[in-house]
Structures are given as C-alpha cells and as structure tokens.
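A single chain comes next, written as structure tokens; it is the form predicted alone.
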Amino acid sequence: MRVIDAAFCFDGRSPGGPRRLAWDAQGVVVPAGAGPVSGDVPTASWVLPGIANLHSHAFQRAMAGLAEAAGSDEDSFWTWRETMYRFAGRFSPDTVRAVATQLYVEMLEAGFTSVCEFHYLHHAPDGRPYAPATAMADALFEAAETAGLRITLLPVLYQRGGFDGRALSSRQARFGHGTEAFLRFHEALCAHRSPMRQVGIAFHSLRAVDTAVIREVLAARGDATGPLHVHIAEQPAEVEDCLAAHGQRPVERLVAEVGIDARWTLVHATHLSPVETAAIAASGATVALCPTTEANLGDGLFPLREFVAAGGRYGVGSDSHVSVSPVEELRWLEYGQRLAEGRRTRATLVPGSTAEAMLRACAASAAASTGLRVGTLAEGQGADWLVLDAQAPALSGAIDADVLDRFVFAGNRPLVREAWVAGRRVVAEGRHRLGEAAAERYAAALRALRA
C-alpha cells in the first residue's frame, strides 16, 4: 500500500480537510489503515479528484484556430461543419494517434484524468473499412495508454444525413455503419475493456440515427452497451427540423421514443423547453456541457440554474478543443450564466463556494458518464487526483475555504502541479513526462495534414 498526506483534500463529496490517501497495487483507493505503508509518506498541500472530460473529438484539436476567418454574416455551426468535414477527410490511424497523444498529454497537464472519446472517424475517407476495421479506434486506445489517461471510447453510430432520411454525403462516408456492422464493431471493441478502458455507445444525433434503430441497438447489446451518449438540441435548426419531421423537439422525442436513465449522457442539450429540462433532471441522465466549444460555434447557453434547481446532473467536456482546460470550461459555464442573467454565482443555489459546487457536480456525474471508477476519492474508486501548485502566485495566501475558487477563477496560469492516474504520477512540476516527444510527433502530423 502507498499513501500520501494531503493538508487539504477535497474528495468530491465532503468539505475539504486534512486526509491521508492510500491506494493498492491496482491503483484503487483503499482505507488508509488497510495495510503496511511502502516507503516515506510524501506531503501534498491541496488535493482534489481528477476531472472527467465528458466529450471529446480528438482529431479536432488539430484544426483549433483554423476555422476563425470570417466568411459572411451567416457564419454558424453549419459553416464551421464544412471546414471540419474537409479536415476530417485527411486523417489516418497514424495522424489520429499523434494528435490524440498530444491532446491527452495536454488534458492531463490541465487536470483531466479521464476522457469520453466520441469517435466517428471509423473508415478510410472513401468509406471503405480499414483492416482491421478497428484501426482508428485502436489508435485512440494506444494514444490514451501512452499518455496514461483513462479513456471511455464511444463508437458513434451515424447512418443518415438528416431527419428526412437522406443518405450520407461523400464527406460523411467514413462515419457510416449499417446496424449489423455497427453491432459487430461494438462487440469487437468491448474486448478492450479494462480498469483504464471502457467502451460505450454514442448515437451521433437524432438527425443521424432514427429512434427505431436506437431501440434496436440497445436491445441487441443489452447489458453490454456501456455508457450511452448522444449529441442533442445543440442548434435551433436541429430543433426546428425535428419538429417539422416528427412534431416533437429532440429531447422530447428521445424521452418518448427511447427513454433515458442514468446510463445516458446528453451532449450540449442547449435548446430545451422547461418540460424537457425537467425531464432530463428527473431521469438521472447527465448533460455534458462544453462551454468553450459552444461559445466558439455560437450554439447558445444551457439553462443551468433551472436544471440544477430540478436536481439535474452535469459535467464538462472540451469537445472541439479550442481550449483544453477544465478550469476554463467551468469558468465559462458560470460566466455565460452571469452574462445572460445579470447576476453572479449562478451555478450554486446555496451560500458557499461556486467552484466547489461545480466541482461536486463534475465528481458526481463522472462515474456514470464514463463507466469507470472515477470522479471522487472514495474507497474503491480509482486513485486519480490532482495536486495544486502551492507556489503559484495565484494561490499565494490561499486558505482551505477559498482554494477551489482560486483554482477556477484566479487567472490563466495552469495551477496543476501533479496529476495522478491509477496511483501513478503522470504529471510532475506541471509537465507530462512525454511532453516534448508527443509535441514533436504532433507537429509532424500537422505538417502531413496540411500538406
């Protein structure tokens, strides 16, 4: 058994205070008195659970900043998507591996210790399967293993181009699967499950997958589905098209035709009616909010305060990776609400730390969304935590009562000194052990992608 003494430990559930953290050879948190201690006991000032990144498209890290030139007054998510499609068509397993490894190194340095990878670059650009068919997914598994990051791979079912049932375009060909082929694909990926790897299912969106097919997939895979994720209600046009085709809004339709529960993570869910907001909260499903991407794409603002008041669960993701920082996601989640309402401290309904309220929400949703033993530092959970940099100017004079708010709201210098995953330190002195090597491979991949 190994242990570490924390002068302040926010475990994701109870208020912070001194605590001895102990973990076993499998990287699982155990009672501090469960066995003999190995070696000296190091001391850490401020410790908090590693944060789960609930939504990632790893390949999009390589195009961050490349879709910002003004085209017309009509620039929107839909015009951005055209740029994304062109870029997506250039990737191979090798370039995906290099880009994802660099991204996952950045995530760990920033404080994300697990990621839900919403993966739809399945095939070659012309739609033909790779040999093996899982080559692109395997590259993501390998990238996460190299970086030391826990990963929940979410192979995406993507079958049509819109609510009208039109076929996928040529640029979408590499995303597509027939239902039987997808079931075989998911079954093959499930062989990779381990304490560091989970496999779930993502349905791209209701415009890309019919609800009858979703029911068919869920029935066929049964208890083997793993976590379930879906993009939903991200854009007003999506809501309008769903209403035109079915007379229902997207979340309304998903709830009525499929049903949702704690296995589900609804990504974005930006444009909701009050009835839909309450229905998600009552179901136990999680909403994955991605404020930096949602702002970058002009998506809109999620009704956070109403959702929290209804008992809803949420976490954050970096999505398109225009920013790779849980702090910035949390900060802009709160700031967006402040700008919309003209009030402060919107993420908490009771007196106390705003950052603590948001970090508690992330901790509470992590295990269900990832399917992994993550989120809190409770016994039986993964030994995944962050040690903050007590020497950073932004934390000068910090006390237990304000350290979490300083972590989230006190500036842009990274404040993570160490990151631990499964009881192994993967970031020390703010730097990942593979930082330079990963950056070199990433630079080579970008040169190839832009050639």
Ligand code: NGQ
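A quick note: this is a predicted structure, and the numbers were derived from the prediction, not measured. Numbering starts at 1 and runs along the sequence shown.
The form predicted together with the named molecule is left out here; the points below concern that form.
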Point to revise | Contact of E234 with the named molecule in the predicted complex (heavy atom, 4.5 Å) | key: yes
**Study point:** the named molecule contact in the predicted complex: V209, any heavy atom under 4.5 Å
**Key:** no
Check your understanding: Is R81 close enough to the named molecule in the predicted complex to count, meaning some heavy atom within 4.5 Å?
Key -> yes
Review point. Does Y85 reach the named molecule in the predicted complex, with heavy atoms at most 4.5 Å apart?
Key: yes
Review point. At 4.5 angstroms, heavy atoms only, are A52, R331 and R360 all close to the named molecule in the predicted complex?
Key: no
Check your understanding: Using a 4.5 Å heavy atom cut-off, which stretch among 350-358, 128-136, 246-254, 199-207 contacts the named molecule in the predicted complex?
Key -> 199-207
Review point. From the list H268, R150, H229, H122, which entry has a heavy atom within 4.5 Å of the named molecule in the predicted complex?
Key: H268
Check your understanding: Which residue among A110, L297, A143, A281 has a heavy atom within 4.5 angstroms of the named molecule in the predicted complex?
Key -> L297
